[in-house]
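One chain comes next, on its own, written as structure tokens: the form predicted alone.
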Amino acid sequence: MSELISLGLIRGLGIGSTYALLAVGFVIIYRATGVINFAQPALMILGAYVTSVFATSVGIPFPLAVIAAMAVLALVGLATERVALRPMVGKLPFAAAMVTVGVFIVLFVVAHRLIGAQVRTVGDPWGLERMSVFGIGVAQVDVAKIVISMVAIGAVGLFLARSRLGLAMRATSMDQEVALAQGVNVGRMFGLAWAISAALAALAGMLIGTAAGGFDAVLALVALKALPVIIVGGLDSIKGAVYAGLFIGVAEALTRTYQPQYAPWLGANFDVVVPYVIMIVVLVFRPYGLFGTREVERV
């Protein structure tokens, strides 16, 4: 039972919460602009790198290093939207999505040059320590991932629901022309969506970078697992991104723990493909995702 809770449920929720964090960033940009942001993985690994520099090289206390890294990546997101995506307004979503693929390649090359072949750490305070929860030993890093991710997603949800800027972003996501007619600066909302998404990617990068042994540039590919999450949850649903992220994280952790024992015929590392298997099953029965709307036009 303790193994099921520690290695299956808690670890799965920890993994899934970081997927949810990345997926919410995807959804925010999609709802605001109608474009899937394929540059999110590169923004994530850049966020991990900047956190590492602030916390381990500059010596800033870890919480401040994380906030500073999120601020830096928010500026990177703003600049990316202004330089690469703003000229694509009015173009087909497919063309804009291809631009984000180009942005991903550029940012990934930059991250690879900065990180190099070395493995870095983000300077997190929990490391490999464990703690007792109702008498069951769980890794502090898993608890940190769950708590930090849910607090961040909750803060974004409150911002979108209660603030004037959040209301303007929601109006833009529903109908850009009507929002423009009501005095909303649609271009500014696009930039804000990119800034929030990039900041969330930086936070997710920090959390994923806390894995034992540190992180390298290749870790950016982990963020691709957020794609099955947003498809399962629905491209335009923040709630769906959270539920799907947690579900896929738990499914992946349970598979990693028990599949070698009960279904070894599936082969080694089968847990890596579990998110994509779930995505295919969901696509067969609900092509618009579990919480998405039927009107969504897929890219």
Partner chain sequence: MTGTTTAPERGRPAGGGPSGGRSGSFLGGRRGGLRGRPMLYTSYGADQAIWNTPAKRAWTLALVAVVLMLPFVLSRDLTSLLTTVFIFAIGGIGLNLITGYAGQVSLGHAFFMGLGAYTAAIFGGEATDSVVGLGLDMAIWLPMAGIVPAAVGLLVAPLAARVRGLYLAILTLGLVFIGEHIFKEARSITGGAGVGRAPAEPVLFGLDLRARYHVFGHILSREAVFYFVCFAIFVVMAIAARNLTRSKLGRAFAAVRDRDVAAAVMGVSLQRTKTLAFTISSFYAGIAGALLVLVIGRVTPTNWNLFLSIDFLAVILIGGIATISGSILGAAFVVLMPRLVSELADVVPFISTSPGSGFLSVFQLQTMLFGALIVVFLVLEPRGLYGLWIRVRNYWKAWPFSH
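Residue numbers count along the first chain shown, from 1. Since this is a predicted model, take the numbers as computed values, not measurements.
Keep in mind that the form predicted in complex with the partner chain is not shown, yet the notes after this line are about it.
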Exercise. Which one, 250-258, 60-68, 229-237, 44-52, holds residues whose non-hydrogen atoms are within 4.5 Å of the partner chain in the model of the complex?
Worked result: 229-237
Exercise. Pick from V106, M150, I136, L165: which has a non-hydrogen atom within 4.5 Å of the partner chain in the model of the complex?
Worked result: V106
Exercise. Heavy atom within 4.5 Å of the partner chain in the model of the complex: which of M88, V156, A179, A144?
Worked result: M88
Exercise. Would the partner chain be touched by all three of M174, N185 and M189 in the model of the complex, meaning a heavy atom each within 4.5 Å?
Worked result: no
Problem set entry | Proximity of A32 to the partner chain in the model of the complex, heavy atoms at 4.5 Å | no
Exercise. Can F38 be called a contact residue for the partner chain in the model of the complex at 4.5 Å between heavy atoms?
Worked result: yes
Exercise. Is M131 close enough to touch the partner chain in the model of the complex, meaning at least one heavy atom pair within 4.5 Å?
Worked result: no
Exercise. Might L266 be said to contact the partner chain in the model of the complex, defining contact as any heavy atom within 4.5 Å?
Worked result: yes
Exercise. Using a 4.5 Å cut-off on heavy atoms, what residues in 94-109 are near the partner chain in the model of the complex?
Worked result: F94, A95, A97, M98, V99, V101, G102, V103, F104, I105, V106, F108, V109
